[in-house]
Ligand code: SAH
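First comes one chain, alone, set out as structure tokens in the form predicted on its own.
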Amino acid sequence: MENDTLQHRGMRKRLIETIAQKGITDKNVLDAIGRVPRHLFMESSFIRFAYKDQAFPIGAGQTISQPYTVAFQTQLLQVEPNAKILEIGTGSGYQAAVLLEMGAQVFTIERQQELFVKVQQLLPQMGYNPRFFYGDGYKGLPTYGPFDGIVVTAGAPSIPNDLKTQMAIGGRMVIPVSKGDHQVMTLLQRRGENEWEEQLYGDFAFVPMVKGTN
């Protein structure tokens, strides 16, 4: 891939070592992050920070998530090849690229028009082709479900019912749920038609999940 140098690949290798030390054990997740050129998702002024394990602004009041957070959410999803994954909040497109590297079919929805237009051009240029949608993440994509996995990349006040019903039986949703000034990473598994099981995985910081489009 052009603009992806040996130096960039070396920096990614060190990034993978860092997030592995923080507890990411899924080799498929680590390998996918090792293949995605994160620096191409960032404004040029931030490129030298591209492989630090931290979040950075991408415009429209949004951020590109910390690689550890992307890895943590992806690991909880337990992505199988060809799994149908719904991403709520395309943002920079980085999380979608990681999921595509893992062989998932990715349906991604973004409410910020500025980011939606930008990422629709960027990802295909890099060889990544999710299904893009402009809309309200709270509503999901009912006509395209059910989904094997749903990943929400913003802090929700609670788990949206529309998303719960779009999960396949046996499907998993990973969503940060707001508790005060932070969010608790929540894994929801659908066990039956009207049965869900919830597990909590510690505190994270996300931008808030907003209704409607912009």
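Residues carry their position along the shown sequence, with the first being 1. If you're wondering where the values come from, they're calculated on a predicted model, not measured in any experiment.
Same protein, other form: the form predicted in complex with the ligand, not shown, and the subject of what follows.
Enquirer: Thinking of the ligand in the predicted complex, which stretch from 47 to 55, 176 to 184, 27 to 35, 148 to 156 has heavy atoms inside 4.5 Å of it?
Expert: Among the listed stretches, the partner-contacting one is 148 to 156.
Enquirer: Determine whether any heavy atom of Gly135 comes within 4.5 Å of a heavy atom of the ligand in the predicted complex, and answer yes or no.
Expert: Close contact exists here: in the predicted complex, Gly135 approaches the ligand to within 4.5 Å, heavy atoms only.
Enquirer: In the predicted complex, is there a heavy atom of the ligand that lies within 4.5 Å of any heavy atom of Ala71, even though the partner is absent here?
Expert: Flag for Ala71 set to no.
Enquirer: So, Met102 and the ligand: in the predicted complex, are they within 4.5 Å at any heavy atom pair?
Expert: So Met102 does not count as contacting the ligand.
Enquirer: How about Ser65 - does it come within 4.5 Å of the ligand in the predicted complex, if we only consider non-hydrogen atoms?
Expert: Output for Ser65 is yes: heavy atoms within 4.5 Å of the ligand.
Enquirer: Among Leu77, Val106, Leu123, Ile109, which has at least one heavy atom within 4.5 Å of the ligand in the predicted complex?
Expert: Among Leu77, Val106, Leu123, Ile109, a heavy atom within 4.5 Å of the ligand in the predicted complex occurs only for Ile109.
Enquirer: Out of 84 to 114, which residues reach within 4.5 Å of the ligand in the predicted complex, heavy atoms considered?
Expert: The stretch touches the partner through Glu87, Ile88, Gly89, Thr90, Gly91, Ser92, Gly93, Tyr94, Gln95, Ile109, Glu110, Arg111, Gln112.
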